[in-house]
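First, one chain by itself: the form predicted on its own, in structure tokens.
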């Protein structure tokens, strides 16, 4: 992870009145490395460096980091939410029910849906939390 990212995280936390603790740093690093990580996956990654960090600490840290706008979550299935850095959250997700592949799509890919919901219903859509389930091209192809 680039030193500038660490410095930016430190500045953001301090600007919001929070200390930069080793646990917060490790959770942010794990979220960045995993891209879409569940709390359990994040905890596992953190424990590679700090074995004493437990899952409740990870949950509390993720809650704080989301509150201050540094991470965000989405639901890619029926299980636990997945977290990613808020700076990299401007996308929607396509989840294949066949193979489980998760594909990120840019906001332009769902722009017509967003525009239609705004025009028809006056509904402002947060596409960062949009997950569309279906079948990828490979799973549609008869084998």
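Residue numbers count along the first chain shown, from 1. Please read all numbers here as calculations on a predicted model, not as lab measurements. So that the term is clear: the rigid core is the largest set of C-alpha atoms that superpose within 1.5 Å between two forms.
There is also a form predicted in complex with the DNA; it is not shown, and the following applies to it.
Peer 1: Okay, which stretch from 114-122, 92-100, 28-36, 50-58 lines the DNA in the model of the complex, with non-hydrogen atoms inside 4.5 Å?
Peer 2: Of the options given, it is 50-58.
Peer 1: So in the model of the complex, are 18, 21 and 81 all sitting within 4.5 Å of the DNA, heavy atoms only?
Peer 2: Yes, each of 18, 21 and 81 comes within 4.5 Å of the DNA in the model of the complex.
Peer 1: Flag residue 14 as yes or no: does it have a non-hydrogen atom within 4.5 angstroms of any non-hydrogen atom of the DNA in the model of the complex?
Peer 2: Within the cut-off, so yes.
Peer 1: Superposing on the rigid core, does the Cα of residue 18 end up 2 Å or more away between the shown form and the other one?
Peer 2: Yes: residue 18 shifts by at least 2 Å between the shown form and the other one.
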